[in-house]
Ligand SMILES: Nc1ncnc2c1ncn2[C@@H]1O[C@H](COP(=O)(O)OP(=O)(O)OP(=O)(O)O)[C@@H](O)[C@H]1O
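Shown next as structure tokens: one chain only, the form predicted on its own.
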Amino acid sequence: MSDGAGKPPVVIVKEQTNVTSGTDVQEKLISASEVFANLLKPTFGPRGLDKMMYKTDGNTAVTNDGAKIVSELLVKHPAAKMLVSMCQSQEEACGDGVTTTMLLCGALLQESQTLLRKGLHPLTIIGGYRKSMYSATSMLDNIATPLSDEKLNSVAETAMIGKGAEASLELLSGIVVNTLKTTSENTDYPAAEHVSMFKSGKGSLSDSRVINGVALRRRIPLDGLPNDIRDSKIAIIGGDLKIRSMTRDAQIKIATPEQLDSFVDAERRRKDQIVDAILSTEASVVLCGGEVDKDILHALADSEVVVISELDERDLRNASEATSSNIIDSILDASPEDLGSFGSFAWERNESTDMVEDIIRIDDCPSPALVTIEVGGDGKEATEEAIRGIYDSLRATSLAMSEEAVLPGGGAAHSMIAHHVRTQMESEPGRERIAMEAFARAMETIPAVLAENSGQNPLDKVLNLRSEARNGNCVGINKDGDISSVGGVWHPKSVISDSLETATETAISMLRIDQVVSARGD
């Protein structure tokens, strides 16, 4: 680098450093976004195709979930990393709409590339995009529809369409809605965090069901323990269920047999004290996060109390929320208010040829703050893909329940946004109206891709949608690629609004970059 002609160069970076300036910067960033958007484009919509991900460890995954695909890619390009961050932000905020966000951002950047080549300044494009975004988000309230039970089921179905859970769409969407309604009665707000997933490893996806409690995988220590316990209490202990070990080394000198008997009797009395404390609570089931002394285990088994040990913190927390109980540090300090209740407790022994752990189900809890969806299937790739679809549906449905408003899908909302922006740009006197027109064209990417993936001509469908929008008809692309009222396809308002804002702000951030300094020289 030099500070002027005829002067010696002042080197401030390494020789291999490559500096790209001017319009070449935007060209490179936009090219990267176009490659990324085209990667997800064929997976979009109900007729979207799947991607096979071959991982570095040799495992494979087949999916068309945008969040899954983006998370598995080992991206190197700096623009691609910005797009990955954008997708992660959308996934964390809404749990759905990742592919839509990627397509919108890619379309906005491709439209801006055309304007840059025509000589429009990047800040002019940014100004037009930002005005369009504010105008678009403000008009979403005008086309939003109040939530109803029918629309809530449609939201749950829409989030699962095109994913592995679609094989049992009606069953699973009903399960999603029922689980959220159940937990919303016992929590401050409905959320996917109040629903746990459990893979049964048996049957098919149609065998999935709701457990109003929790399901665990642990080995039942004794074959003779009670099974099918009804309407009883449960105690959850966070630590060990045994005599605490001494923190310091100590030696006890025993001189007579009587002293030995006294020492053994004292230890036995302490164990009996623990057993009596548990029996006094009238708990039929004890979940323990640590180890359980064998003498205590057998003494409780004789009293028909089931003890399950060495559960991890997540299992204890889920069981606590499901049974409305507290996690106890020491059973000696337990009070009746710390115990929870359940309707049924049953365990299913797995044979030695199957998994080591048994399946334990705590069901029919009276007021669960957490419920479990037991997902049927072999528990492998297909089940994992179905669980991702169910989780996306939980996130979308919980958002719809919180907002109590939904927007039409199938590209209908984006088509109305495009029409609204075109109407608003007529009152814009400056060059920013050119960018607003480009913004409107980018919004039409969503119905265009839906039509293309359904085997239809995207241009014809987009032109027809423009005509319908001018007449005030909010219609979109159905699963066959035809223009119709997409009454059974609904999205939470925040999924579309957050997707629009995230895509626009990411595109604006890229357009504001005027120089790339690469220390690697590429």
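Just count from 1 along the sequence shown to find any residue number. Remember, predicted model here, so these are calculated numbers, not experimental data.
One more form of this protein exists, namely the form predicted in complex with this ligand; it is left out here, but the text below deals with it.
This ligand is not drawn, but in the predicted complex it has a heavy atom within 4.5 Å of T43.
Put simply, T158 is close to this ligand in the predicted complex: some heavy atom of it is within 4.5 Å. Interface residue remark: K51 is not counted as part of the site for this ligand in the predicted complex, having no heavy atom within 4.5 Å. By the criterion of a heavy atom within 4.5 Å, N478 is counted among the residues contacting this ligand in the predicted complex. Of the candidates V70, V489, V462, A32, V489 is the one whose heavy atoms come within 4.5 Å of this ligand in the predicted complex; the others do not.
The contact with this ligand in the predicted complex, taken as any heavy atom within 4.5 Å, belongs to I446 out of A235, A418, I446, V176. Exactly one of the stretches 407 to 415, 122 to 130, 305 to 313, 322 to 330 approaches this ligand in the predicted complex with heavy atoms within 4.5 Å, and it is 407 to 415. Shown without its partner, the chain has D96, G97, V98, T99, T100 in segment 79 to 101 as residues with a non-hydrogen atom within 4.5 angstroms of this ligand in the predicted complex.
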